[in-house]
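Starting off, we have a lone chain in the form predicted alone, written out as structure tokens.
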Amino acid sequence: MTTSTATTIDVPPTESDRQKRRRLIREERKLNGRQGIAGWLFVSPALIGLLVFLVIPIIVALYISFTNWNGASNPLGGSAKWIGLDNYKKLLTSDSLTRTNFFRSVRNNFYFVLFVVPAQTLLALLLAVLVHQKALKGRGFYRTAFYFPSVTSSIAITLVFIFLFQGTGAVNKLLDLVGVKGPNWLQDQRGLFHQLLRVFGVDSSPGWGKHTLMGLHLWDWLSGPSTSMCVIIILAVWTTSGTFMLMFLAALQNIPEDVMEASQIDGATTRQRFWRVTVPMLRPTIAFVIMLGTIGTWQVFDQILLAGKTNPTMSTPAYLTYQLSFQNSAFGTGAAMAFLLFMLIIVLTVIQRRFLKEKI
């Protein structure tokens, strides 16, 4: 029995085939070109907005940080004198009141970040786990209630906190009912750590604490957040936890049900499932929330503007930048401080990303 094999013969393309192919290529190129132009036209409003309202102001602000501009005229018209790095030296190396105020604000903001970021992250995670429970009735109501402070005007909430924590406010009234005399919260400049040390009999700075670092004594660096700043810390945690709760809630909803069921079949308790299954699978979200929280807390401004404008223990770099620029007309120094804060946030974010990446 014989088998026949079919053979294929390559037929060379004719001239008409080659012309048709070239015509198709030209038409495809024209189509791609028109699509590219249409795409640039669609994104051009956003790009123009970014250029006009973000890129150009940043470049101008960087130029102003090297001048002594006082804000009275056009900084690009020759009225601002170029002084090089003098503004940065005034903030970092010169022994001046400006440097002392700057590093005092950095200290205040450091303790603000140290207290707010862990507290808001933990509270947001607990709230997300709570409203994720299927057995909880009225989950929609609780989600809305927990998220509501995040979308309320920060100015309005700060004013409410000012009324609550003033000397004759509701908080002190409640403390009076239990026999505790409350402080003047928004004016008390005592550091939290210093107050705790007084319980153990440490009322003044030891010898080593009198050494100076960046215009402040070491004892001042270790003072902790002031009583006044603690009010803003409570305010920040309460108003930001709702937003991060939604992020954790979205991550919880993406955890496969079969993973939780498998751990339950293996005999894991509720606590074990939370710490050994839920938390490890939420590590990328936790890292993201911590990074956003750190960036946001280093930029705190409006609460300080309302509640702590006369309290040096509540001053932050963002507020001090505004004060130097718009109240003291030292726009060059204010711009330099803003860029120092920007670089500080970038450095801390890079360090944080590398550290958390190793943990994830």
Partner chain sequence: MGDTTTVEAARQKRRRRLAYGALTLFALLYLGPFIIQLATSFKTDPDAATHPLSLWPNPFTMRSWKRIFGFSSDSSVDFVRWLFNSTLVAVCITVGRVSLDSLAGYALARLKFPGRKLVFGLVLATLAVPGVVLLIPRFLVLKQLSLFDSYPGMILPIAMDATGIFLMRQFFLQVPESLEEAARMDGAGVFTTFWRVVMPLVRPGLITLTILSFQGSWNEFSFFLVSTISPKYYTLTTGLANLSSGSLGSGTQYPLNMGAALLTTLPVAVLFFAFQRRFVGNQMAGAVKG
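Positions refer to the first chain, counted from 1. Heads up, when I say rigid core I mean the largest set of C-alphas that superpose within 1.5 Å between the two forms. Keep in mind that what you see is a predicted model, and the values were worked out from it rather than measured.
Same protein, other form: the form predicted in complex with the partner chain, not shown, and the subject of what follows.
* Asked: Three residues, 49, 144 and 156; all within 4.5 Å of the partner chain in the model of the complex via heavy atoms?
  -> Yes: each residue has a heavy atom within 4.5 Å of the partner.
* To do: Please pick, from 127, 282, 231, 113, the one residue with any non-hydrogen atom lying within 4.5 angstroms of the partner chain in the model of the complex.
  => Partner contact (heavy atom, 4.5 Å) among the options: 127.
* Within 4.5 Å of the partner chain in the model of the complex, heavy atoms considered, which of 199, 265, 136, 180? -> Of 199, 265, 136, 180, the residue with a heavy atom within 4.5 Å of the partner chain in the model of the complex is 136.
* Asked: Going by a heavy atom distance of 4.5 Å, is residue 205 a contact of the partner chain in the model of the complex?
  -> Residue 205: no, not in contact with the partner chain in the model of the complex.
* Asked: Counting only non-hydrogen atoms and a 4.5 angstroms cut-off, does residue 331 reach the partner chain in the model of the complex?
  -> Residue-level check for residue 331: yes, a contact with the partner chain.
* **Residue contact check: residue 238 to the partner chain in the model of the complex, 4.5 Å heavy atom** => So residue 238 counts as contacting the partner chain.
* residue 275: heavy atom within 4.5 Å of the partner chain in the model of the complex? -> No, residue 275 is distant from the partner.
* Where, among 118-126, 221-229, 255-263, 191-199, do residues come within 4.5 Å of the partner chain in the model of the complex by heavy atom distance? -> It is the stretch 118-126.
* To do: Give, in sequence order, every residue of 47-69 that has a heavy atom within 4.5 Å of the partner chain in the model of the complex, or say none if there are no such residues.
  => 47, 49, 50, 51, 52, 53, 54, 55, 57, 58, 60, 61, 64, 69, in sequence order.
* Asked: With both forms fit on the core, is the shift of the CA atom of residue 43 between the shown form and the other one 2 Å or larger?
  -> Shift at residue 43: 2 Å or more after core fit.
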